[in-house]
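First, one chain by itself in structure tokens, the form predicted alone.
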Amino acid sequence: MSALHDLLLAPFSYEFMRRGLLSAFLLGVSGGLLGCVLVLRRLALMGDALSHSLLPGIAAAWLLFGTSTAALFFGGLAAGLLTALGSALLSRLTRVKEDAAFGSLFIVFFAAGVALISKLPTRVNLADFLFGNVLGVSPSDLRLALVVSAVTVAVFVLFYRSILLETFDPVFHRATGGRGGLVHLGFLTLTVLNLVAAMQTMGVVLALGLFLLPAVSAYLWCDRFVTMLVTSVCLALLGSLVGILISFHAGLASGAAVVLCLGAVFVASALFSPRYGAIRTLRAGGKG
């Protein structure tokens, strides 16, 4: 029993571990919801572009204002929104498709971030924002995660019908008076907010893993949207708990540990899902 206590409970006697776990749980709830829409609308790569595009905003804020949580938040938010809104404008004002616009802006912003990083007085702490550091989750980071998660959940509750229609039948949604463009931009804004809030716990490079991997795993098990949302959130919470424990005991970056746990769930789901798994498909093909 003492060994089990040391493995599962003792790490959370430290305040920084409790803050890190609560932050990951809050972002797991909102990220699990957002990830389902990203997966179903085939926006996963756009989400990846958004996560990388935060880098120049964070680096610029670091250069100008230091390690202020508010400065880093607004710097990353500004860079992410510029990428999201800029790509939307490019796709509407030129012949460039939105995915190509995202990819192009992401490359430019990421290169600008790398250039700014080379001017930083120190790179060690910035690595924590890239790959996550549960040790660094401050009370202000936790409050930010709480606000962003609450806003995300509230948006899903209040605008569930619009999100549902825009996800599965955007043509019908817009034909019946729905503001599809506004829903799309609002969703991208929520994604940026959650990515910025996840900077400390998960890191901007790995934060998307907390959103996408639970959603993809849930997609392999569920046929109904509501069931997929609930399953995705539960997997995100479980992966966060196990990943942060592994991070503590093995001395790994918290973001990497959480993503690896969620990756293991995804691989298991891809192989063993009774209806959509690879093994089931191979067996059905062999019988045919």
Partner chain sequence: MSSDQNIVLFRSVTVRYGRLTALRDISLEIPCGSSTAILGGNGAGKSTLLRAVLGWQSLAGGEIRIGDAHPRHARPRLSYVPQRHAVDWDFPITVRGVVEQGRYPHVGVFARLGLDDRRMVDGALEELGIADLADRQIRRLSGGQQQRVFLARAVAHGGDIFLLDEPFAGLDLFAAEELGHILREWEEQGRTVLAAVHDLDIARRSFTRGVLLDTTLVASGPIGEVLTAANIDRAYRHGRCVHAEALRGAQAGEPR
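Since this is a predicted model, take the numbers as computed values, not measurements. Positions refer to the first chain, counted from 1.
FYI, the form predicted together with its partner chain isn't displayed, but the following is about it.
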>> When its partner chain is placed as it is in the predicted complex, are 167, 224 and 275 each within 4.5 Å of it, taking any non-hydrogen atom of the residue?
In response: yes
Here the chain appears without its partner; judged in the predicted complex, the stretch of 175-183, 79-87, 111-119, 204-212 with heavy atoms within 4.5 Å of its partner chain is 175-183
>> I'd like to check something about residue 230: if you look in the predicted complex, is any of its heavy atoms closer than or equal to 4.5 Å to a heavy atom of its partner chain?
In response: no
* For residue 219, is any heavy atom within 4.5 Å of its partner chain in the predicted complex, or not? -> yes
Are any of the heavy atoms in residue 93 no more than 4.5 Å from a heavy atom of its partner chain in the predicted complex? no
message: How about residue 44 - does it come within 4.5 Å of its partner chain in the predicted complex, if we only consider non-hydrogen atoms?
response: no
As a check of understanding, the residue in 234, 40, 63, 70 with any heavy atom within 4.5 Å of its partner chain in the predicted complex should be identified as 40
